[in-house]
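Below you'll find only one chain, the form predicted on its own, shown as structure tokens.
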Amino acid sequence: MMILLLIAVSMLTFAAMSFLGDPLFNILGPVAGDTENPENLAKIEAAKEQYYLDKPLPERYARWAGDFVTGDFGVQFSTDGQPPVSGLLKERLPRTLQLMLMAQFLALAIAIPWGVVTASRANGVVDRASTFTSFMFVSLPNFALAVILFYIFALKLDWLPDTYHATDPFWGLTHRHRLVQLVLPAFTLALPGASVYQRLLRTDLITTLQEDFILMARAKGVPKWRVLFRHALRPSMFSVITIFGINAGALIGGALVVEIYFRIPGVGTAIVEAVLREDFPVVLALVMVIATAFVVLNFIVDVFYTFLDPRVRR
């Protein structure tokens, strides 16, 4: 199913990109419309041959797919050289991965204790305040949350840097290190995700706390927090883990806005740039890399279920 899904995504994306715009114009500029000049005509024919534009669509897809599975993502549309798409991916992908990993780590680090506390005080003042807060974070668009966090923590308090410098060293605790520069963008992505995880975990924990084995642990005098974290948390994580995998795709969309706002040259900004200039090889490569990562991550989530509950294997 994973393979069939990726084939379907690649075919739909390739067909959509092939019917939008004029690849020759994106490669050669106004030269593509001047077929009277023999010199320009030679350039047009060379570009068609290089990018297989003189071939039927099915053959072009087969050639592209064959190259893609061998790691050849092609070259970017450019009149001043032929920069490989793989070079762009090597440059941009690590930055987005760092941002997403930090965002997911922060989301779980916030959501798990938050969910446990609210479930243990269900329908109380803390729980109601938590509901208001979580819905507020979920309702705020990424760009609005980015503006609020940026204004408070970068401009007013000056606790965090206000921009991202790709040339700075990664590790460190000063403003001149990319790890610190990623904190504000990561929190912008993490807070809505943490709110969703918290709501799911709270609901599942409340149900789990009514189970017989929890009542037995309480009857034996096991401390309340040990019951919550040792006995109830693990079987209540199924919904959170499921949404964790699905949320990876949503994070890409959020990262697009956040990367632009915080000026992070990652995959999100690369997609915007490629779409605006209709650079088909770059768009295709980025879509397939994102789709592959999303499918593989959700497969790993399905496998991880067996560690949470061995009964899933049966």
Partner chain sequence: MTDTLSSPSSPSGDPIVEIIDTADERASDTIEKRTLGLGFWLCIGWLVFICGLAALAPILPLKDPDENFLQFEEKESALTGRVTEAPVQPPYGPSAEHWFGTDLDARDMLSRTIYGARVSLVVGFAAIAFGMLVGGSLGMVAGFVGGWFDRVVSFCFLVLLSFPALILAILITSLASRSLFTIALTLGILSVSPVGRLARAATLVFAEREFVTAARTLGAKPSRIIRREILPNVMIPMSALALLGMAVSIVAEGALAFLGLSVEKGSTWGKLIRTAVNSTSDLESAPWMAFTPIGFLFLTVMALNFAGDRLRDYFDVKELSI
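Positions refer to the first chain, counted from 1. Nothing here was measured: the structure is a model prediction, and the numbers come from that model. Just so we're on the same page, rigid core means the largest C-alpha set that superposes within 1.5 Å between forms.
Unshown form predicted in complex with the partner chain; subsequent notes refer to it.
Using a 4.5 angstroms threshold between heavy atoms, residue 62 stays clear of the partner chain in the predicted bound form.
Under a 4.5 angstroms non-hydrogen atom cutoff, the partner chain in the predicted bound form lacks residue 114 among its neighbouring residues. Using a 4.5 angstroms limit between non-hydrogen atoms, residue 57 is distant from the partner chain in the predicted bound form.
Looking at residue 143, you'd find a heavy atom of it within 4.5 angstroms of the partner chain in the predicted bound form.
Interface residue among 119, 182, 191, 85, judged by heavy atoms within 4.5 Å of the partner chain in the predicted bound form: 119. The candidate spot formed by 186, 197 and 241 lies out of contact with the partner chain in the predicted bound form, as no residue has a heavy atom within 4.5 Å of it.
Using a 4.5 Å cut-off on any heavy atom, the residues of 249-264 that reach the partner chain in the predicted bound form are, in sequence order, 249, 252, 253, 256, 257, 260, 261, 263. Taking 2 Å as the criterion, residue 263 does not count as shifted between this form and the one not shown: its C-alpha moves by less than this amount when the rigid core is aligned.
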